[in-house]
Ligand code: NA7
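The chain below stands alone and is given in structure tokens; this is the form predicted on its own.
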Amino acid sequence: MRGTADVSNSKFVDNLLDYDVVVIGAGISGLYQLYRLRKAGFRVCILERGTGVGGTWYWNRYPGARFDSESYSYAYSFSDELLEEWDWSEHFASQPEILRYLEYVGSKFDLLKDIKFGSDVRSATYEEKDKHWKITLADGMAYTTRMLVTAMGVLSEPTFPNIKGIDSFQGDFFHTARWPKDPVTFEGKDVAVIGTGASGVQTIQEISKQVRHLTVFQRRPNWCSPLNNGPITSSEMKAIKSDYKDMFARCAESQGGFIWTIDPRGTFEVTPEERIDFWETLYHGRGMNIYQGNFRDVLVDSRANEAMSDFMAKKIRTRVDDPEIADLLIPKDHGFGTRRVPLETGYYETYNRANVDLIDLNKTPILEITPEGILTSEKEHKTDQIIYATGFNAITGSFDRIDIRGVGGLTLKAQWDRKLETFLAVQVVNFPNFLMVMGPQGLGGNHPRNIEYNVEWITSLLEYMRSENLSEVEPTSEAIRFWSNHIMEKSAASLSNKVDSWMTGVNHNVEGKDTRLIGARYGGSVQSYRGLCDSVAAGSYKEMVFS
């Protein structure tokens, strides 16, 4: 990080503007971006739509919501004092605990004073002549800033399914990503859940124990792995704290930023007995290890993936009593790990309960939502409540909801509708002084590990601009082409890029988003991504145009 020398003559700083930097979003990304920019001496604020910090963990309050990465590996690493002070109660913390943690961070570092809550950003326009952004809120309030940084996440804008009559239902209905703050009562209720992705799995396994009757409407089953969660004892927490430095180093060295490392062996380089024993160990281990600690070829070789998928299918059949139901829960259109793998606790056993029904929407599709329930091609299912676990307008949805206009009044949505392109998932051509934390074409994996790196890289870029008396930056066309080619090269081998999912930009609930967004996510490793970003910074950002 560069120092904060005298900047009184820097063209970057314009005291006629409200801020040097405005950040949109007060989740994990936004909070850390605010912390870093403020520490570097920038005039900065966050505009946050909600009434509190947390981002994903503010909005997603649905039953069963929790981490699927280990709590301690998901936490911030930038403050030794914070690491020492905070004790996690579970290996995979629940949403209330996660939100308390982020609120604690906001309070500890006095971040709240620079966050404007209830600020729903509706438009952001780049003023070319004066090289700054004008940001307008839903209430008409406007702010000017030299730089605009988005920290809105790739999974933050929920989608409802395209079903006739969706507004006609007379009972209570909820989306998992916009869950009410007040408790929802399920006791004695007939409840329907539409969707069996990650949030659907967590919700279904939790509320099935409370409802009178639960009907699950499934369009596409997912491969789910055991979470194997448990409480963290005081002695375990002490050991975790003593290992933080080494643990974060392991995350930086792994493929996806997790504490798990891909096994260097190939699936068929061991005996069948060794292979099954290894998979059994992974299956009974914690969290993402079965996904991120598996044989090196499971996610890139179709034969290896098929063997792994067969192993998981057998596990489903042993856990579900009814063979027909078990078969419905086994994916037929994608292999294990090629779409996001929900982590579960007793999910499959849920379907052994007498009060739970599973409806296969491929055989009996939903025709419409009625005032009393859900009408399929077979019959009407009357219900008291409907829960939509139908996911997000992923990757670009959080950007699409804001009217973002760059050079010549061009909208970001229109540009990305033609072709999704970024540079390092941080910048966009034709949109000067516009930066993204974990934007489209960025890394997946353990998000906070990648967020911290992204934030620090952006902060260093802004410090460079300020110290060099620069007021405008955008990537060159050559840099955009290079990154697009690099994305395709790094994604070529992955089996996940041959499957429709939000990770490849496909969402059948969003009009016009039923075709693949090429290179929606970065398919390379943490090391390859950071290596490129580091080389750009070390070369004084020659891939960018400054003024």
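Note that this is a predicted model, so its numbers are computed, not measured. Each residue number is its position in the shown sequence, starting from 1.
Missing here is the form predicted in complex with the named molecule; even so, the following discussion is about that form.
The partner is not drawn, yet in the model of the complex one stretch among 248 to 256, 119 to 127, 412 to 420, 187 to 195 has residues with heavy atoms inside 4.5 Å of the named molecule: 187 to 195. Just one of 162, 318, 233, 107 comes within 4.5 Å of the named molecule in the model of the complex, counting any heavy atom, and that one is 162. The partner is absent here, but in the model of the complex a heavy atom of 389, alone among 389, 443, 329, 451, sits within 4.5 Å of the named molecule.
Interface membership of residue 199, defined by any non-hydrogen atom within 4.5 Å of the named molecule in the model of the complex, is confirmed.
The shortest heavy atom separation between residue 359 and the named molecule in the model of the complex exceeds 4.5 Å. Residue contact check for residue 240: none of its heavy atoms lie within 4.5 Å of the named molecule in the model of the complex.
At least one heavy atom of residue 340 is located within 4.5 Å of the named molecule in the model of the complex.
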